[in-house]
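The data below hold one chain only, encoded as structure tokens and taken in the form predicted on its own.
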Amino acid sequence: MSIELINVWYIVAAALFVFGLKQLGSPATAVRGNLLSSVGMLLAVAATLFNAEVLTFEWIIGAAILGAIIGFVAAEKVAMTSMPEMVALFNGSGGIASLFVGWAALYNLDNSTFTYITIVLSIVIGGLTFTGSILAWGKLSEVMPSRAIVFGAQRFVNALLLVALLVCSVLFCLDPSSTSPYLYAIVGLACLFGVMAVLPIGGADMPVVISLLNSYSGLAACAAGFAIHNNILIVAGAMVGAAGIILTNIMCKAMNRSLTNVLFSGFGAAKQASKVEGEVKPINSEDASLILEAAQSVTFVPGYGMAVAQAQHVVRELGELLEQNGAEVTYAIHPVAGRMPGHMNVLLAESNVPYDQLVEMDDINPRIDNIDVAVVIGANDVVNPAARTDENSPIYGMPIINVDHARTVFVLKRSMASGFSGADNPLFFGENTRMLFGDAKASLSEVISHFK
């Protein structure tokens, strides 16, 4: 197949990427958008294999089969609670792939100075994306502490690493070679910088980190596309990079913080929230069912605790019972609830909650005063009133869902433990708050049985 015809197929694939990405913006069309994007990628890969410069199909076919097996097993085995960790590993896989593609491009004999620059970019961005994603996976899976890990002179060390990386990159481009010692220095420094960049970021900022690393993986792929002169890789990488940056910006606005603050502040490490004291008012499942039976409007506010308990299906079942009883049911979604962007949307979509019942934070807050019962399921920081009132709180200034303004609040938690930020939550001691302790899935199942 000629290069011209291959580029035509690339254009078709790029168009499918654009339409697919557009439809991923809505839960109602996300499945179709994902399918369109997948078809586009299939066309792109198939067209690339017709390139006369492809040297061996044996390795390609073998790698494709191995990748398909790994992907199938991972998709079958991964729990919905582990989806953030899976996304982190996907980002890391994209980063290391771009690093190897850039490295392989060094063996082309007709590389220009611009190509060598893109090779360095693909190696640097790919390397830091890989190790940064592995560290993010470790924090998300709690293989290591999820809190911000900071030490003296940390910013100085990071700045020194960045300067060394820039110097080695320039020296390599001045005398490029696949055996250059500066090449190995670049790889090592990039991987080390990825670790040092994610280390001071705490668990509460993981949604931002995940979307940022996703953007990095796209930028690394874009640079690799320039390195090997592949148009569709440039387009796809640029789209992923741009989408990731936009999503990162949305996440930062949802937390009322700048990206610089997220990356360099060591979230929660410097500030210590005021100690909250008061009397907790527990409630049992039978009394909770009686209050819900009388409610005319109920809003569920899911958080990571819902994912841990796998309670999304019983939440939907209770919502349907409340609707049959004449109540208006909504699901309030905070942009950074959970451990990755859209985490709660994914869980509720899995349990077939209607899309039109999902309400964003900015839309639910103006009418929360008229909600009879707000049911908080495992959420903590995203409903913590200290974000509005306590200047010493690490989450001060972050927009929250104002559930404390509802007429009655049920909080479903296993214990009084704080959220990722480590800040105590005054909501638990509110006059209108009732604590329903225990596993969220078991607690809601009991409420449903009493309600029936």
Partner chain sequence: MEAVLLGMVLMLSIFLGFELIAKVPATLHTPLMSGANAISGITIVGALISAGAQLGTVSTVLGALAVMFATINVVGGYLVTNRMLSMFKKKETGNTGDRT
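Residue numbers count along the first chain shown, from 1. The term rigid core refers to the maximal set of C-alpha atoms that superpose within 1.5 Å between the two forms. Please read these numbers as outputs of a predicted model, since none were measured by experiment.
Although it is not shown, the form predicted together with the partner chain is what the next lines describe.
In short, of 166-174, 186-194, 148-156, 323-331 it is 323-331 that has heavy atoms within 4.5 Å of the partner chain in the predicted complex.
Taking the partner from the other structure, the partner chain in the predicted complex has a heavy atom within 4.5 Å of a heavy atom of P207. The partner chain in the predicted complex comes within 4.5 Å of a heavy atom belonging to E76. With a 4.5 Å cutoff on heavy atoms, N230 counts as touching the partner chain in the predicted complex. For the chain shown alone, M416 is not a contact residue for the partner chain in the predicted complex, no non-hydrogen atom being within 4.5 angstroms. Here is the short version: of L135, L121, I368, V235, the single residue with a heavy atom within 4.5 Å of the partner chain in the predicted complex is V235.
Site residues A97, M239 and I246 are all in contact with the partner chain in the predicted complex, judged by any heavy atom within 4.5 Å. In the predicted complex, the partner chain lies beyond 4.5 angstroms of every heavy atom of every residue of 329-361. The rigid-core alignment places the CA of R32 less than 2 Å apart between the shown form and the other one. Remark: with the core as the superposition reference, the CA shift of G326 between the shown form and the other one reaches 2 Å or more. Relative to the superposed core, V298 shifts its CA atom by 2 Å or more between the shown form and the other one.
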